[in-house]
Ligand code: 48H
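Have a look below at one chain only, the form predicted on its own, in structure tokens format.
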């Protein structure tokens, strides 16, 4: 017969509250904040955390993975084009080649493995959390994220006012998909103009998304489909190789930026 430890309601509540407070206290200043917990954001976070970079992923939903769970048309299979199958192999996702250069995997399995790989690397998460604004410093350099609970936006403004909080970072990554939400905050201030994504062209889109992944404004890196929206590139539909490899490239760009300010990164971990 199973006998659980004699722990009651108050201990459970205290553990939740204290754990939550410690979590946010440690993350008030990060090396990197990634906005968006889809495949590109998770891949980027994993690569950074493996290098010892203190990384937080902010996700507006109460789940991670974005469209990686369900693929396209509510079909929970996902496809990747070579050479992205090497990344699936690296994180232990079973996959098979269905035609030359095209691989298919189960979406829930692939997504779960990617989430676990990011967690194992040390990525931290803030879910049900919406990007409300950016922290800007000298010369409009992006230096953090202003966040609030996602449900707040659905509450009537005549009966509530919940102020957001700010988290500081050395670099912010926009991994919000077609919304390119972080770049959109710059656009609201007349500091940037998104071109909007184009019509579907799988073969062209994937190459271009990875190619254009990088820093688009001081302190702000774009990855995944946000790249398509920022640069007016074709959309790619339900294939995810570029999402994964764009995330890897975004991490490389972030590391390049961080290396140019080593004293600040050390201070952030102190």
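Numbering follows the first chain given and starts at 1. Owing to the predicted nature of the structure, the values given are computational and were not obtained by experimental measurement.
Although not depicted, the form predicted together with the ligand is the subject of the following passage.
Visitor: Can any non-hydrogen atom of residue 45 be found within 4.5 angstroms of the ligand in the model of the complex?
Guide: Residue-level check for residue 45: no, no contact with the ligand.
Visitor: Evaluate residue 230 for contact with the ligand in the model of the complex, applying a 4.5 angstroms cut-off between non-hydrogen atoms, and reply yes or no.
Guide: Contact with the ligand, no.
Visitor: Mark residue 54 yes when one of its heavy atoms lies within 4.5 Å of a heavy atom of the ligand in the model of the complex, and no otherwise.
Guide: Outside the cut-off, so no.
Visitor: Is there a heavy atom of residue 175 no more than 4.5 Å from a heavy atom of the ligand in the model of the complex?
Guide: So residue 175 counts as contacting the ligand.
Visitor: With the ligand left out of view, choose which of 220, 30, 245, 236 has a non-hydrogen atom within 4.5 angstroms of it in the model of the complex.
Guide: Result of the distance check: 236.
Visitor: Check each of 135, 181, 152, 104 and return the one that places a heavy atom within 4.5 angstroms of the ligand in the model of the complex.
Guide: The option sitting close enough to the partner is 181.
Visitor: In terms of non-hydrogen atoms within 4.5 angstroms, which of the given stretches 22-30, 45-53, 236-244, 210-218 touches the ligand in the model of the complex?
Guide: Heavy-atom contact with the partner occurs in 236-244.
Visitor: Let me know which residues along 22-50 have a heavy atom within 4.5 Å of the ligand in the model of the complex, or say none if there are none.
Guide: Read in sequence order, the residues that approach the ligand (within 4.5 Å, in the model of the complex) are 35, 36, 37, 38, 39, 40, 41.
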